[in-house]
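The chain below stands alone, shown as structure tokens; this is the form predicted on its own.
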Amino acid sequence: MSSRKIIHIDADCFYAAIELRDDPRLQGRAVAVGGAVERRGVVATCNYEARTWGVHSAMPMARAVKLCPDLVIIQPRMDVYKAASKQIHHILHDYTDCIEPLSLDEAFLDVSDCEMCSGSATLIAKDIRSRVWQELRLVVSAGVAPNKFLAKIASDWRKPNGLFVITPDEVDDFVLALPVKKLHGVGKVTAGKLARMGIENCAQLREHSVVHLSKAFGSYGERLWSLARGIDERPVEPHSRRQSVSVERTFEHDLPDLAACYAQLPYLLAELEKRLGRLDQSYSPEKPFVKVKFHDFTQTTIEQAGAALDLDSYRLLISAAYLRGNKAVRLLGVGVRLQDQQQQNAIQLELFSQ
């Protein structure tokens, strides 16, 4: 087993937590950060009081208000969230420079060579959580494990305000009982296919050879075989730079026509807006693109420089892509190519402009 020490830090309800911190009158109330109901807004994030009503991120705000009539809706303050994220990263850099930011509110750290806290990744994670609370009055959960895959699962294991550690000696027992839906890259469609094969957890997944899994899942089959054994050799990459942000969805039932594709766009764009909002200021959006995979697994991608990043532009792109095949669709994707402006101020993107 790898001797690496990986920590995954994930801020709890990040946007909403900042709003509650800055306005104590919101304590105890259901709060959602996102767009207004009358402007077809969506929930960017919400606190746990709102979640008890069934509210969740990427949900249309109109639906959220129906579920929770007393929901307090707050317009996002991205500058404030980005400033808080920068403060958290300043704390993280006191322990290591091997940090891979995933978004404003989460990051991987490789502390294998860190001598602080007697070299203990668990003590480092505890110290980070304590400092973020003491200095910023924000709560972060943390997962500690020998690799990125397990560290990310661990950070979610005892949310909110949790710390979970998976030592090298504990990996095998932990992974054996792990539901396959927790595996990196397993969405609803893959989970459904695994279930039809009688595979609900990693112990059952291990009964299948890498050859069998590769035949069933293509190149992802080998990845499944490795994850079922707790293997993930991906390094923490502090200097990796994004070239695009995208959202894809594979449908259990093929979309029969262009109208059905149009109907899915608002939900895909809501998730895309959420992911774009997590980017730091070193990126600016360059051009929108769409991806369409048809029922026969043929696919096409279209992008357009200079097009607006709004619903109408994506409808036009989807229409053009769909007409290339003019048949039932199994997957839709929407995204944005990014321009790296690491040394410049980025332009804040707003989908569905006010």
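Numbers follow the displayed sequence, beginning with 1. Please read these numbers as outputs of a predicted model, since none were measured by experiment.
Omitted from view is the form predicted together with thymidine-5'-triphosphate (TTP), to which the following refers.
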| property | result |
| --- | --- |
| Candidate from 58, 309, 318, 68 lying within 4.5 Å of thymidine-5'-triphosphate (TTP) in the predicted bound form - any heavy atom | 58 |
| Heavy atom of residue 44 within 4.5 Å of thymidine-5'-triphosphate (TTP) in the predicted bound form | yes |
| Heavy atom of residue 105 within 4.5 Å of thymidine-5'-triphosphate (TTP) in the predicted bound form | yes |
| thymidine-5'-triphosphate (TTP) contact in the predicted bound form: residue 293, any heavy atom under 4.5 Å | no |
| thymidine-5'-triphosphate (TTP) contact at residue 19 in the predicted bound form, heavy atom, 4.5 Å | no |
| Stretch in contact, per heavy atom within 4.5 angstroms of thymidine-5'-triphosphate (TTP) in the predicted bound form, of 282-290, 323-331, 50-58, 310-318 | 50-58 |
| Interface residues of 126-161 toward thymidine-5'-triphosphate (TTP), as seen in the predicted bound form [heavy atoms, 4.5 Å] | 159 |
